[in-house]
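Below sits a lone chain in structure tokens, taken as the form predicted alone.
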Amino acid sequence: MSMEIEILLKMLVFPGGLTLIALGLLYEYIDRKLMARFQNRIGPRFLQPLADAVKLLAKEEVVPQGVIPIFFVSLPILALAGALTAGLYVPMAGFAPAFSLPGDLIIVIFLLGLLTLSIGLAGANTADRFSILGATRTLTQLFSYEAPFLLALLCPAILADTWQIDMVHQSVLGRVWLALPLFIGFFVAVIGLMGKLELAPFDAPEAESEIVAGALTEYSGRGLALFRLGKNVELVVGLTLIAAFYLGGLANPLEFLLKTLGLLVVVAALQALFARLRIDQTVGMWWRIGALLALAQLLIVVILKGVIL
């Protein structure tokens, strides 16, 4: 097999492309099913997320008046592409990343932020009042959760003395459950991922009872499907990163499933336990508490590492 074909298969089949999309749909189903059971409901059938995606992809995409068409069409593609590309740098299913380079942790954080940024720009591109309000909330929340999430992931990277995801994962620290000694970073990482994905109770940017669907109110058909698939893929990539850094690494596919699904149970429980927060609570409270906690832990890790060495 030539190098070009191997790279193409990695990007389109495994660990990227079809595998990430399939895992994203599976994790969406598990999340919705867990939420339903926690709320004493039956929940969706197994193939419901796939049926939803196929139905949206088959629908006509209506481009409303007052938008820049090229942005309206390309932003959903950019969002999904960023999430899929990020998956190529993480130990998906417990295997070595398809691509790895020094500092790829920062690249992955940037790629994961493209989804939220694209949603915000998509809402700002329309003239709909609900979309604009949702875009404002989305971009505000992005700046509040991006930095704490990055700081939480930097702690294990600094301890391993590298910002390369695979090197952190393969190091001795990669086999230690850092969620116990660095419980603050683990907590901040989980909450930060929920905030980035606008999951309840941090779903003020798309609160259906207030602003319809937020920034994506004007989207239908293919655009809405791509945004939803992007969120599903980002959920899988985010859970993989947290499990690899804080839960003793991912040695094989079984360990990958057990640890990422365990994290998904925690995420679903938090969604069912708390009511939606107001946008000022979502942003102000977390920026004052979450960011400071993550920064304090990072400083302690740097100081302790300097003293020990």
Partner chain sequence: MPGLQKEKFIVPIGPQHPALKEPAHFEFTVDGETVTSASVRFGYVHRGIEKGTENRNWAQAMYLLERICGICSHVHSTTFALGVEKLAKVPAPPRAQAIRQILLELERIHSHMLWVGVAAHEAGFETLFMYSWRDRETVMDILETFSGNRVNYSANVLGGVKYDLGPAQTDSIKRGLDYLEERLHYYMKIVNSDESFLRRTRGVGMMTTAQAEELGAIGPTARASNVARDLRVDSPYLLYEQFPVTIVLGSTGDLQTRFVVRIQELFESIRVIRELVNHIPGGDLTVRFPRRIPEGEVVMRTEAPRGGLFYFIKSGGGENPVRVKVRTPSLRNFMSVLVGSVGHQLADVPMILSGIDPCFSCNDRMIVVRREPGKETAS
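Numbering follows the first chain given and starts at 1. Just so we're clear, the structure is a prediction, and the values are computed from it rather than from any experiment.
This protein has a second form, the form predicted together with the partner chain, left out of what is shown; the following refers to that one.
message: Test of understanding: in the predicted bound form, would Glu60 fall inside 4.5 Å of the partner chain by heavy atoms?
response: No, no contact at 4.5 Å.
message: Check Val212 for me: does it contact the partner chain in the predicted bound form (non-hydrogen atoms, 4.5 angstroms)?
response: Yes, Val212 is a contact residue.
- request: Would you please decide whether Arg32 lies within 4.5 angstroms of the partner chain in the predicted bound form, comparing each non-hydrogen atom pair?
  value: Arg32: no contact with the partner chain in the predicted bound form.
- request: Give a yes or no for Phe72: in the predicted bound form, does one of its heavy atoms lie within 4.5 Å of a heavy atom belonging to the partner chain?
  value: No, no contact at 4.5 Å.
query: in the predicted bound form, which of 242-250, 64-72, 256-264, 39-47 comes within 4.5 Å of the partner chain (heavy atoms)?
result: Result of the contact check: 39-47.
- prompt: Out of 267-283, which residues reach within 4.5 Å of the partner chain in the predicted bound form, heavy atoms considered?
  reply: Heavy-atom contacts to the partner chain in the predicted bound form: Ala272, Leu273, Phe274, Ala275, Arg276, Leu277, Arg278, Ile279, Asp280, Gln281.
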